[in-house]
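Just one chain follows, in the form predicted alone, and it is written as structure tokens.
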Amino acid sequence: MHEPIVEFQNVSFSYGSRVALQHVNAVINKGDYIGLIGPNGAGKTTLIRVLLGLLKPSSGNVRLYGKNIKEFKDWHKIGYVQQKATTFDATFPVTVEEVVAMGRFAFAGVGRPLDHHDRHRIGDVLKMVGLDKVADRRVGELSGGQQQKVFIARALASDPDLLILDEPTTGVDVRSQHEFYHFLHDLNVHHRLTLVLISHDTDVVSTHVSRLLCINKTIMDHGCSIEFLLPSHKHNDVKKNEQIFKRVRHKH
């Protein structure tokens, strides 16, 4: 039985006269591992900012865990990891444990000292992501894949049910990507975490996710064609894209 945790109901949004989202209807169910894909400027980031309550829809409604977003208070249930390259200065002298501890304030509350339970949770999260042995190292000393795990651990420290990842392999070397996606799969399957993976790389994402949401101002659930995403693509790319969506559709 599906348990909706995010519902977009006929959501539209515009930046002045420029339409960014148009009549978006979509549902994210508990346990989903979703790839949110689309070309640059398609509305991926805008949609997530609406979900996070950072932007108010021009029309339509968003429901989170069965509540209207205006009434929703449990924001610690939703973790968001931005692109590492745009949010972190590798020369900043901060340790892995210190960064992860920052995420705990979303659950504990800013201004309250972290107690024994908080510290225990931070330790559990570090073990979960495989960084407990480098907790005292500076984040800038780690590999790209390890650094991205630090920011995921920071989000996990608030005990979210839903984790949203924006282009998570940006800055991650190719060798580390396979391990990184295996790690995400483990979070989804064994830790029952709902994942939304934002990407422009259809081929890579479709290898790992169980469901695709395709966006280009509006949303079409898995099964959309390349013409919907990038109308200028050639016929052979259309065939390739259709195979990608077929693979995702029948994965499970």
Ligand SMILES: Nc1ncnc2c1ncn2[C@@H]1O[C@H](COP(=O)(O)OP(=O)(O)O)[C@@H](O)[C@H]1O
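The shown structure was predicted, so the numbers you read here are calculated from the model rather than taken from an experiment. One-based numbering along the sequence shown.
Another form, the form predicted together with this ligand, is not on view; read the next lines as being about it.
Pick from 201-209, 63-71, 34-42, 183-191: which stretch has non-hydrogen atoms within 4.5 Å of this ligand in the predicted complex?
Heavy-atom contact with the partner occurs in 34-42.
Is it the case that residue 218, even though its partner is missing from this view, gets within 4.5 Å of this ligand in the predicted complex, heavy atoms only?
Looking in the predicted complex, residue contacts with this ligand do not include residue 218, since no heavy atom lies within 4.5 Å.
What residues of 18-38, in sequence order, lie within 4.5 Å of this ligand in the predicted complex by heavy atom?
Contacting residues: 18, 20.
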